[in-house]
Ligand code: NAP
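In the block that follows, a single chain appears as structure tokens, in the form predicted alone.
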């Protein structure tokens, strides 16, 4: 098997929502395996801090994933600064925990705009760059809740289910056109991110909250950021060159 360091060395990756959490973890792992990484986020302070970790191989770009103009400006800047895109990780996302009776229409629209429209725009822009430069890998971060619904997350679950279908249609389009662009999704379960850590810190009984999340997974625990990052690393590299259109659960068995 080809060494991941060799297969990714010198490639250029964009990771959205990479100023923290899963996005930052994926960006760090790609950089550790030789990629030049663009941190694309609305958080300029943390985004620039993450980019500075990569010793000249990191670059921060402001990106509002819901805006087509923002995506076009990002791609123009990246192409001018570093050339064609080899890897795009559509990671940026938001959520809510409100039932269909409680969630407001504004929250519904916001979640769909970030989680689904943002991925749509990212895929479309990446294709335009990749198809003229020999291909590439698009990785969309969906969710286990896009495969197995919870009644408390209708907007988030619907947005992430749409990402799975969008991934498959994008993969088909690229394969049928002969673009040499692969498109795959990762569907994480509950992951120990700063967001979950903050929720535990604010809870009356953090241990009970963690147990509740852990019990959703047959393996009996929540996942780590590195669990998701390792899956992204695999899908980014040549080791997955015959894989496209999949929704890969990284969920401790949650969607079995």
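Residue numbers count along the first chain shown, from 1. Just so we're clear, the structure is a prediction, and the values are computed from it rather than from any experiment.
Here the subject shifts to the form predicted in complex with this ligand, a form of this protein not shown in this document.
Residue 30: heavy atom within 4.5 Å of this ligand in the predicted bound form? No - in the predicted bound form, heavy atoms of residue 30 and this ligand never come within 4.5 Å of each other.
Is residue 65 a contact residue for this ligand in the predicted bound form, using a 4.5 Å heavy atom cut-off? Result yes; residue 65 sits at the interface with this ligand in the predicted bound form.
Considering non-hydrogen atoms and a 4.5 Å limit, does this ligand approach residue 92 in the predicted bound form? Yes, residue 92 is a contact residue.
Hey, in the predicted bound form, is residue 139 touching this ligand, heavy atoms inside 4.5 Å? Flag for residue 139 set to no.
Would this ligand in the predicted bound form be within 4.5 angstroms of a non-hydrogen atom of every residue among 117, 120 and 170? Judged in the predicted bound form, none of 117, 120 and 170 sits within 4.5 Å of this ligand.
Here the chain is shown alone; which of 43, 53, 226, 197 has a heavy atom within 4.5 Å of this ligand in the predicted bound form? The residue in contact is 43.
Which of these stretches, 120 to 128, 76 to 84, 139 to 147, 174 to 182, has heavy atoms within 4.5 Å of this ligand in the predicted bound form? Comparing against this ligand in the predicted bound form, the contact stretch is 139 to 147.
Going by heavy atoms, what in 13 to 45 lies within 4.5 angstroms of this ligand in the predicted bound form? 17, 19, 20, 21, 22, 23, 41, 42, 43 sit within 4.5 Å of the partner.
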